[in-house]
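Shown here is one chain on its own, the form predicted alone, set out as structure tokens.
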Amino acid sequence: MSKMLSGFEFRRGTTIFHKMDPRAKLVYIVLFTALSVIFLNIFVLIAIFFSTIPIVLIARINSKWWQSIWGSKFFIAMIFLFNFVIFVFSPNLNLMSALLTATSMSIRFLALISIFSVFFLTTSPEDLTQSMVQLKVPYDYALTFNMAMRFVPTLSRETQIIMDAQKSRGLEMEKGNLIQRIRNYIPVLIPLIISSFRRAELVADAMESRAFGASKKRVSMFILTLGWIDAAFIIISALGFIGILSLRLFLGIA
């Protein structure tokens, strides 16, 4: 879990994707997320997944991206098993159809993980907040979303620290049946919840000490502008979206 979430933590870089306007990357996310939801064909979903590979290579985020992919293997397996069990008992599907459908669902999740991992690894929280403000999203909502996404990897690391501390005290997390294993996580959840409340209180005090909300009219230190690289990326994303969507419209591939 912690390895998967580490693939959503921003890492500063000097590549063109790190310097790109977040709004251009948002276009890619929206379009290819829509394609991942629309299609169920295995080969189309694999193509959507591999569309992130050039971005990973150019942005030089190979290791962190791979951590998010490898860290999601448990969820991929659970999605496959859950869908296979559901579809194998469906009266309209045989065993092979159920297997293909479950595989498609797993690859869809993998594609979505890859798409969002690429975005958050190359987009700073400050740029993301500013881009949302320039898209006319209220600043309070933009800041709330930004802080939520920023603290996800932090909470993941804190969870791992608490688990290691409890294991060092003799807690066996993997011992017993399913119910017992769930109970074993209670000594992890309670400190994590308390720590989260403490962190939230610290953030609230910090915001209050900086007079957050005192002025209704905010002034930004910098304004994001779309360059030719951003425009080219938007055009490429749109062409890719149209090309893949045409498979459904003209060839009937779903």
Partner chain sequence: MITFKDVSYSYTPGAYALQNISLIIGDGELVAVLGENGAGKTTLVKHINGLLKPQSGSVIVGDTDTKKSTVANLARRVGLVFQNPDHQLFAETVEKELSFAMVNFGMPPEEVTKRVNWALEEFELAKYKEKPPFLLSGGERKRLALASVLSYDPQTIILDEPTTGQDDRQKTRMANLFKQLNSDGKTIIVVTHDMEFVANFIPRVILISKGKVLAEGPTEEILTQKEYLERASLLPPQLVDLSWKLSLSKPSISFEKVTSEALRMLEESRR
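Numbering follows the first chain given and starts at 1. For the two forms, the rigid core is made up of the largest set of C-alpha atoms that agree within 1.5 Å on superposition. Note that this is a predicted model, so its numbers are computed, not measured.
Unshown form predicted in complex with the partner chain; subsequent notes refer to it.
Novice: What is the one choice in A77, L171, V137, I182 with a heavy atom within 4.5 Å of the partner chain in the predicted bound form?
Specialist: Only one option qualifies, and that one is L171.
Novice: With the partner chain left out of view, which of V85, L95, V152, A165 would have a heavy atom within 4.5 Å of it in the predicted bound form?
Specialist: Answer to the contact question: A165.
Novice: Going by heavy atoms within 4.5 Å, which of 61-69, 47-55, 204-212, 183-191 lines up against the partner chain in the predicted bound form?
Specialist: This holds for exactly one stretch, 183-191.
Novice: Is L81 part of the interface with the partner chain in the predicted bound form - any heavy atom within 4.5 Å?
Specialist: Close contact is absent here: in the predicted bound form, L81 is far from the partner chain, nothing within 4.5 Å, heavy atoms only.
Novice: At the 4.5 Å heavy atom threshold, is I161 in contact with the partner chain in the predicted bound form?
Specialist: Yes.
Novice: So with the core overlaid, does the Cα of T33 end up 2 Å or more away between this form and the one not shown?
Specialist: T33 C-alpha, core-superposed: shift of less than 2 Å.
Novice: Note yes or no: does the Cα of I229 move by 2 Å or more between this form and the one not shown after the core is superposed?
Specialist: Superposed on the core, I229 moves its C-alpha less than 2 Å between this form and the one not shown.
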